[in-house]
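First, one chain by itself in structure tokens, the form predicted on its own.
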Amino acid sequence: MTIHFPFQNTYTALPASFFARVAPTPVAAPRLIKLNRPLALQLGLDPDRLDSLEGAEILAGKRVPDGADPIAMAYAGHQFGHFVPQLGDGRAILLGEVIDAEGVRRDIQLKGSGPTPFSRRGDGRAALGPVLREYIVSEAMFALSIPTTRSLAAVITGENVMRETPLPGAVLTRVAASHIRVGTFQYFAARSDTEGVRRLADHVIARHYPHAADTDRPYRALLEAVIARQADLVARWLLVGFIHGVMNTDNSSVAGETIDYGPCAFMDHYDPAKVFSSIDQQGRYAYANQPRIALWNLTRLAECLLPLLSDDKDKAVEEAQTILGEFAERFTSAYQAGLRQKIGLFTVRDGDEALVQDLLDAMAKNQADFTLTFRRLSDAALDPDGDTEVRALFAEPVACDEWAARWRERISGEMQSPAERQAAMRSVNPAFIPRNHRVEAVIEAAVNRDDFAPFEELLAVLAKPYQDQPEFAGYADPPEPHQCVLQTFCGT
């Protein structure tokens, strides 16, 4: 009996200019190395059937399941500020859409499944290392409650791909609310195809923002909704120290999910100017720049929607500027609320923003670990003796002492008990993140020794980021100087 995928495809009902029909390229000897069984169940799939030779062949693109309508999606994009009018899925093929257990429509896409008409001389393949990185980081983001694409499976193809050296090939099965990007709108706008922009906007409204259809101005409501989700998303990134390495418009999801885990990373010591991506030479997507870049990307979306906002261009521009002006307030509100939670504040008072900023400044000056500072501060909320563990993270502990005295004075004016404060702080300050040196160690073991035990163990730890897990305490430690990973690389 063939494995059944309950596809209900809508994107392929759009005009042919939206995509290219293309089948995955068969591979030599697919081998399933990881199946996300809980996610499979949520998608209405049988994990036992997928965990088979036939399942591996489907998840590698060697066999196309019944009901699939494989396509490569067309889109454009600003890449590091430079506009490219045609990008598209150059190494990813969307098999189709399913309705999950919560009634949400989800894309199932194969990443690394062979060349498409949008490949631009690329091989359309993915190496094992980037596939493992995306699997690890996307599932860690999910466990951290940050909107994200998910990873259903990772498969080794049995073939090498050529990068600087031959590397094992692999395919990632990615699941998303959709793969529609700001760059998808730009694709049609760049061609002055207003009807294409309209059709895409109507599709996005129906799929992601159905409330917008019930308003007097559905396209205005669409832009407002995308801005709100992006503002919240980037605030959540900053609160866990995440740096997206390629915040191009083609990697900006209109569904408000984190997409494309290429040269991404989590900070170790706090540095607002931190960049990991080897291709981000100018620091465009540095940690502290991410809110500004999100607004820049959203401005490009607003430009695409101008003809739908008004027939009068000046009025459309004025309206778009008004809507874009909402981003700063929405982002600041979400970010500041998150920071207050991270230091255990239950009320809002004058001086709170300065209190948190002073902590961040002291952390940056003293190279304090971002994740551990807030986690240990959670325990210090229960017992002042915990200050010792926090101050040990600072190059000059006196900087921590001065701030801690102000913090204790501030929390003393709230009615919550120390235990309540600790519990609240521990629920938002993770103990475990996918630290770069751990991810690289996992990749090295898999690529060089075909050893996936470290991969499995790291996934298990990251699935419970807010629990102490004493048996895996070492995974919370920052890297030793010789373990620091200074650059991450794009999978292509």
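Note that residue numbering begins at 1 and tracks the sequence as displayed. Since we're looking at a predicted model, the values are computed, not measured.
Only in words, not in the display: the form predicted together with a small molecule, which the text now covers.
- Only one of the listed residues (Thr371, Asn366, Asn251, Gln422) places a non-hydrogen atom within 4.5 angstroms of the small molecule in the model of the complex, and that residue is Asn251.
- When you look in the model of the complex, the only residue of Gly241, Gly196, Gly124, Gly256 with a non-hydrogen atom within 4.5 Å of the small molecule is Gly124.
- For the small molecule in the model of the complex, the listed stretch (354-362, 71-79, 296-304, 226-234) containing residues with heavy atoms inside 4.5 Å is 71-79.
- Proximity to the small molecule in the model of the complex holds for none of His4, Lys62 and Glu97, with the criterion being a heavy atom within 4.5 Å.
- Although the partner is absent here, Ala201 sits far enough away that none of its heavy atoms falls within 4.5 Å of the small molecule in the model of the complex.
- The closest heavy atom approach of Arg163 to the small molecule in the model of the complex falls within 4.5 Å.
- Using a 4.5 Å cutoff between non-hydrogen atoms, Gly90 counts as a contact of the small molecule in the model of the complex.
- Although the partner is absent here, Ser119 sits close enough that one of its heavy atoms falls within 4.5 Å of the small molecule in the model of the complex.
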